[in-house]
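Next up is one chain by itself, shown in structure tokens, the form predicted alone.
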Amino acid sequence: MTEKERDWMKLTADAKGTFAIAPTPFHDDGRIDERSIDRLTDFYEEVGCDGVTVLGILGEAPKLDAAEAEQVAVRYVKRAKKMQVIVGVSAPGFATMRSLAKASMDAGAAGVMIAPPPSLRTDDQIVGYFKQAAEAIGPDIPWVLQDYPLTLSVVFTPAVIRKIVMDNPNCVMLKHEDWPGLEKISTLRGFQKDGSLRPLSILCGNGGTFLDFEMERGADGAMTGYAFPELLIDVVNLSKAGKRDAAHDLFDAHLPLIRYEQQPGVGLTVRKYVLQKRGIIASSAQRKPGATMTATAKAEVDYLLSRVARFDKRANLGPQSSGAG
């Protein structure tokens, strides 16, 4: 890929739509499943995702060594043809962060995502950390600020987010995952209206749990990993089109499964199970240490799928696939 092509694909504050958070597929023995990465990437493109984010919190990035993380990131980037790819580069040290960010961008990634380390406590510590992180990856790499206090235990006030964004020109997107967080979106959009915050893309996570109202508060779209990205795409598009009741009706039909998938410590297990049932990944395995699903849990998910399918036929799945590969 030429430098001109890379610049054209880079992430900007105008980004919007649905960016799927991709899991990292593994074989049952823990090896990276590259063929399933390819199928998953193709699937996200076929259903209409605008982008895909890899090596996020549910991408099991901490279970990969540095070489494996680069292998996974580059595989996704090279396979994607129509989507922008964002690579999670959060790491204990800036040398590792810089190395993965450079390798990903050289391969054609659109940008990177950085989460705060749980040790940050004060506003000054938070602002200082991201200034150093931005310096570490360099001014030419656009990056996403991940705000996920429920998991990372670091709380960003809207004023701190504004300070980070205004201090770092290459911070172009907020991955919003606060809970409750609707007022935070409204406050940030208010900052933009009064001119104290420059343009910023806001994509929302939390498994899509609050996507219906997040869109109405001014979010630009979704960045999460629900096992039916088609639902996320539809809710985003219906909301943007002003079709409020249609957006909520479809969202409400999926909400019980979305809720089930959002159980702490269980979500990735459920998500991979459904993606396997859909024939997209060959195995629902996580790399150890990882959770597994009991027969009872699988039966509950199957029951929820059957209920969603009454309203959305895309959830009408047959018996579990023996594997896409």
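Since this is a predicted model, take the numbers as computed values, not measurements. Note that residue numbering begins at 1 and tracks the sequence as displayed.
Form predicted together with another copy of the chain: not shown, discussed below.
- The contact residue chosen from K102, R244, K78, R198 relative to another copy of the chain in the predicted complex is R244, the criterion being a non-hydrogen atom within 4.5 angstroms.
- For the residues F228, F191, F210, W143, the 4.5 Å heavy atom test against another copy of the chain in the predicted complex is passed only by F210.
- Heavy atoms within 4.5 Å of another copy of the chain in the predicted complex belong, among the stretches 250-258, 165-173, 102-110, 78-86, to residues of 250-258.
- Within this chain, D65 lines the site of another copy of the chain in the predicted complex, having a heavy atom no more than 4.5 Å away.
- Shown alone here, R307 lies within 4.5 Å of another copy of the chain in the predicted complex, counting heavy atoms only.
- Of the heavy atoms in N237, none are within 4.5 Å of another copy of the chain in the predicted complex.
- When contacts are judged by a 4.5 Å heavy atom cut-off, E300 counts as touching another copy of the chain in the predicted complex.
- Although another copy of the chain is not shown here, in the predicted complex the stretch 253-292 places heavy atoms of L255, P256, R259, Y260, Q262, Q263, P264, V266, R287, K288, P289 within 4.5 Å of it, in sequence order.
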